[in-house]
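What follows is one chain in structure tokens, specifically the form predicted alone.
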């Protein structure tokens, strides 16, 4: 069975728990596994019915997990963030009772996920990120501990040893000196310690597996997240060119905020509250969003010209290629048209047939990773 056969009927993605996931928050030690006994009893029957391979998208802003449920896919999402507060026994017990995700280390309590955002808002601070610009954050000493805790809270022990789990990794950045190797190795070692057989997949390739089934997995997949834009050119499911640029939604928020004298968090809130790039801007923040979306799309289009134009590996395609866009940064209406305009200003060595936006941009990478995991599992 090939990849295309697995999803030729076009599975739907059922979005579950796009706030805190269905795991109560009890304190964990760094090496402690999160097992099924921690699942709320009201959810046990549902979770037992979901077995088999897993796809996981570890992004700068979100972590998304996808599993198949019959012909459909169940996807859950959690904020990839944390916030620390001083340790006390009563606080630890209160957090446990209220089912807030956290762990304790070095006399601190690390609040995880969406709960971290709520704590930061309450205390007038900012959440901290274990992943920055698509890779483990070198500025945070506990980034590895936090990402391990978040992943462990997201997935249960495998039903069988060496269950397949496929996780997304970014392409090598072309605009800054950075390596994906450390990031990928840390994630792979942790998933293996939980009893899984981990498989890495390029993020752009995952988008292609998710969205270009009808085109024999041939085309260009672009995942535009908070920290990066990941690009993959694929021919018949073979990744020919992969790379990333370290600009994304966070870059837009930061640059707009600094330009108009507002906090990046406020800019992000405006962007995520029905902002529309297809209409004229109504205030300074919206003007800034238009400007820096144009800047991001221009940089992305120029990178396609640069990387594809200098590659010796580009096949001679018999027909034009589609480009599919995914990720949270393409959620505002009008992104497709903005990107199309940016492409008219560059010359690519391939002809583009159409620009598509993923049906569910936030979940496309996890869905593609699941596709790969199921395929690898069926081949064994």
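As the structure is a computational prediction, the values presented were derived from the model and not from experiment. Numbering follows the first chain given and starts at 1.
Not on display, but discussed next: the form predicted together with a small molecule.
Peer 1: Pick the stretch from 227-235, 155-163, 86-94, 111-119 whose residues have a heavy atom within 4.5 Å of the small molecule in the predicted complex.
Peer 2: Checking each option against the 4.5 Å cut-off leaves 227-235.
Peer 1: Report the residue, out of 103, 293, 196, 217, that has at least one non-hydrogen atom within 4.5 angstroms of the small molecule in the predicted complex.
Peer 2: The residue in contact is 293.
Peer 1: Taking any heavy atom pair closer than or equal to 4.5 Å as contact, tell me whether residue 372 reaches the small molecule in the predicted complex.
Peer 2: Residue 372: no contact with the small molecule in the predicted complex.
Peer 1: Tell me, yes or no, whether residue 98 is in contact with the small molecule in the predicted complex, where a contact means a heavy atom of each within 4.5 Å.
Peer 2: The answer is no: residue 98 has no heavy atom within 4.5 Å of the small molecule.
Peer 1: In the predicted complex, does residue 331 come within 4.5 Å of the small molecule, counting heavy atoms only?
Peer 2: Because a heavy atom of residue 331 falls inside 4.5 Å of the small molecule in the predicted complex, the answer is yes.
Peer 1: May I ask you to state whether residue 65 is within 4.5 Å of the small molecule in the predicted complex, using heavy atom distances?
Peer 2: Residue 65: no contact with the small molecule in the predicted complex.
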